[in-house]
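One chain follows as structure tokens, the form predicted on its own.
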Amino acid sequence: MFRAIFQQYEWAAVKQSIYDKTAADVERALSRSHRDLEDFKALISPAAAPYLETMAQISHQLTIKRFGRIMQLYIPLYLSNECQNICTYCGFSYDNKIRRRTLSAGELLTEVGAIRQMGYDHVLLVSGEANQTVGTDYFVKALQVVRPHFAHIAMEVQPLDQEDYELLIGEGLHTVLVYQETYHQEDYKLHHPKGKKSNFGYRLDTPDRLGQAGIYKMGLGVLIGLEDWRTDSFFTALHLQYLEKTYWRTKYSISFPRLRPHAGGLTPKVEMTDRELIQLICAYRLLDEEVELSLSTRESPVFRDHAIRLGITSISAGSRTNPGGYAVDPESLEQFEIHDDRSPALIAEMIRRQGYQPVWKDWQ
């Protein structure tokens, strides 16, 4: 289990080792054809900032070599905003006084129809964490509704037990995204004071349960802004390398969600600049040529237009972060505000202008 490896590291010591990296460490990492976690530390360190152009060129070359000029498009479909957790950064948090709703089978089918009209064949099902109303039984029924209409189905919901994942895989689930939010255990408790999500260890063990269940692909990441992004990213990379070695049949992706405005309005503890996000994207690509890198509509149109050439392999477009947001109930509360509100057609046109081919479903 990854937990045993995680417990061998101390947050403050890892953070210090990253900030102690020098220009010589960065140059050594850039000169190597295969890079390890010490090289990754150098590439995400402040010392790497002057080398961003070189990092971007290598990242672009590695991505083209492995993935070609393909950009995968996906879209989230929010099933419910009901949630039993208190999370300081989320509009769905239990203590926010909002109108709650969970899509019925008929409403879900209406949303599916709207998404299919946009051209999508890859959907990401998302919900708050409310086990009584939006638990495994609900997800089984949702998959049965959605499965005939999409070639690839992903989910971003509460962590489940291994047998639940095995059941959902049997119903057509291909991918699960599970973000640790932050690997800083003490700060994790501050941001998750109530609900099942407050169990740091259970969430940390979720990718192991997914791997043991035989999931096709899993996505990792942290919520950038809760803690020092460099240190959190090191632990994400550590987790990724463990999973790739242990569950080698599974594919992996990394996402880069930066804290966005929401009901409740948590101010980020750490601000990450656009240049720093590009640095992080490139550092992941230089560490791992195989991992998929995903960028959501949290980011601005200008940023996304530039970032897709530097290592990103999938982006969302036309996203709504509220249940029923595409057709059933467009005015229900969003989980967070999106930044890039261009239509999927406009995003696809932008991708083509840059010499890439938009793909509307996951890899086969």
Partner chain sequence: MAYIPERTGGSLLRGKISGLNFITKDDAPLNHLQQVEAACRAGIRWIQLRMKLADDMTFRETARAAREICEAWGCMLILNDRVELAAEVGAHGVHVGLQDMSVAAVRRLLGEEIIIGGTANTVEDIRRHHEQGADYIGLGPYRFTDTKKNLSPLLGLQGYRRIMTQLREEGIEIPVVAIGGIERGDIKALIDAGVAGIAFSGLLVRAKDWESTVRSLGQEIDDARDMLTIGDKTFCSRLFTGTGKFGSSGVMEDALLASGSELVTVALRRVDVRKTGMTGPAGNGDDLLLHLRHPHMHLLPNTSGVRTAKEAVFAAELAREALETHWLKLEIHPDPRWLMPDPVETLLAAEALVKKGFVVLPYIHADPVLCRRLEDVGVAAVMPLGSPIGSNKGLKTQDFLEIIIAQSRVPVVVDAGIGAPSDAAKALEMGADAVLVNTAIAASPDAIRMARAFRLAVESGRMAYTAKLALPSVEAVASSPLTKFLE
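Numbering follows the first chain given and starts at 1. Bear in mind that the values here come from a model prediction, so they are computed numbers and not experimental data.
The protein also exists as the form predicted together with its partner chain; that form is not presented, and the subsequent description refers to it.
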So which of 65-73, 291-299, 320-328, 22-30 is the stretch with heavy atoms within 4.5 Å of its partner chain in the predicted bound form? 22-30
Within 4.5 Å of its partner chain in the predicted bound form, all of His34, Glu244 and Asp274 (non-hydrogen atom): yes
Mark Ala114 yes when one of its heavy atoms lies within 4.5 Å of a heavy atom of its partner chain in the predicted bound form, and no otherwise. no
According to a 4.5 angstroms non-hydrogen atom cut-off, is Leu220 in contact with its partner chain in the predicted bound form? no
Its partner chain contact at Arg309 in the predicted bound form, heavy atom, 4.5 Å: yes
When the contact criterion is heavy atoms within 4.5 Å, does Ile338 count as touching its partner chain in the predicted bound form? no
Heavy atom within 4.5 Å of its partner chain in the predicted bound form - residue from Ile278, Val145, Leu167, Leu177: Ile278
Going by its partner chain in the predicted bound form, which residues of 46-83 come within 4.5 Å of it through any heavy atom? Leu52, Glu53, Thr54, Ala56, Gln57, His60
